[in-house]
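Just one chain follows, in the form predicted alone, and it is written as structure tokens.
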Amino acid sequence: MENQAGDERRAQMLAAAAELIAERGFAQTRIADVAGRVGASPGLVVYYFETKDKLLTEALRHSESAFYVAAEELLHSRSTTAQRLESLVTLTFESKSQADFAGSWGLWFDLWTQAFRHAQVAADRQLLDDQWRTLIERVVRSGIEDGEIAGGVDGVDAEEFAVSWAAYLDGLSVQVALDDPRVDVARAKRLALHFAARELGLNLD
């Protein structure tokens, strides 16, 4: 029971940290703010997370957990590679309200800024990005195994595609989060799917 209570307390702190960082930005969020939101002492937050940087990466991982649960469920319910890729694009750009979308990407903006200057945050950033790339790579490898995508020496390199497409999705998501008038959700989805279709030799229309 004690461990369960501790896990619940930790989850509350992570949710509070994600909300506060999305609202205020990392620089303006203090350990004391997170503690105050959940009715805990700053010392308890430090006990669980040690540093503010670690709290940021753990908060982002916590906020992404629901995304990956939904992604796994969708991938298992889709029968073709095209449908699975479309599901990933839908989750990326439509799984949240516009306000939540911008807030979620605000966490990533702060993580990238901290990762640029701090080695440990950079290592945590790589783990988070690798989780996303691995998911994409799994979808492509499944398509190769099913004969929907050409593999082999002259075919698609699943890992290379995953790195490229993940970066492409990141770039489009940044534009959407910043309300770029030339890159709305509909256009971002269309561009992402056209890129995948071209690179994988699939019909995604």
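This is a predicted model, so every value here is computed, not measured. By rigid core we mean the largest C-alpha set that fits within 1.5 Å across both forms. Numbering starts at 1 and follows the sequence shown.
There is another form of the same protein, the form predicted together with another copy of the chain; it is not shown, and what comes next is about it.
Asks: Indicate whether Q175 is a 4.5 Å heavy atom neighbour of another copy of the chain in the predicted bound form.
Replies: Judged by the heavy-atom cut-off of 4.5 Å, Q175 is in contact with another copy of the chain in the predicted bound form.
Asks: Do G151 and another copy of the chain share at least one heavy atom pair within 4.5 Å in the predicted bound form?
Replies: Taking the distances in the predicted bound form, the answer for G151 is no, it never comes within 4.5 Å of another copy of the chain.
Asks: Hey, in the predicted bound form, is D130 touching another copy of the chain, heavy atoms inside 4.5 Å?
Replies: Yes, D130 lies within 4.5 Å of another copy of the chain in the predicted bound form.
Asks: Is there a heavy atom of G36 lying 4.5 Å or less from a heavy atom of another copy of the chain in the predicted bound form?
Replies: Taking the distances in the predicted bound form, the answer for G36 is no, it never comes within 4.5 Å of another copy of the chain.
Asks: I need the one stretch from 22-30, 58-66, 142-150, 42-50 whose residues put non-hydrogen atoms within 4.5 angstroms of another copy of the chain in the predicted bound form.
Replies: Result for this chain: 22-30.
Asks: Name the residue from T90, S77, Q126, Q83 that puts a heavy atom within 4.5 Å of another copy of the chain in the predicted bound form.
Replies: Residue within 4.5 Å of the partner: Q126.
Asks: Within 163-177, which residues come within 4.5 Å of another copy of the chain in the predicted bound form, counting heavy atoms only?
Replies: Stretch hits, in order: V163, S164, A167, Y168, D170, G171, L172, V174, Q175, A177.
Asks: Taking the rigid core as reference, does R141 move its C-alpha 2 Å or further between the shown form and the other one?
Replies: It does not, since the R141 C-alpha is displaced less than 2 Å between the shown form and the other one after the core fit.
Asks: After a core superposition, would you say L172 shifts its C-alpha by at least 2 Å between the shown form and the other one?
Replies: Where the cores coincide, L172 shows only a C-alpha shift between the shown form and the other one that is less than 2 Å.
Asks: Based on a C-alpha change of 3 angstroms or more, tell me if L60 and V139 lie closer or farther in the predicted bound form than in the shown form.
Replies: Compared with the form shown here, the C-alpha atoms of L60 and V139 sit farther apart in the predicted bound form, by 3 Å or more.
Asks: I want to verify one pair: D129 and Y68. Are their C-alpha atoms nearer or more distant in the predicted bound form compared with the form I supplied, knowing the change is 3 Å or more?
Replies: Their C-alpha distance shrinks by at least 3 Å in the predicted bound form.
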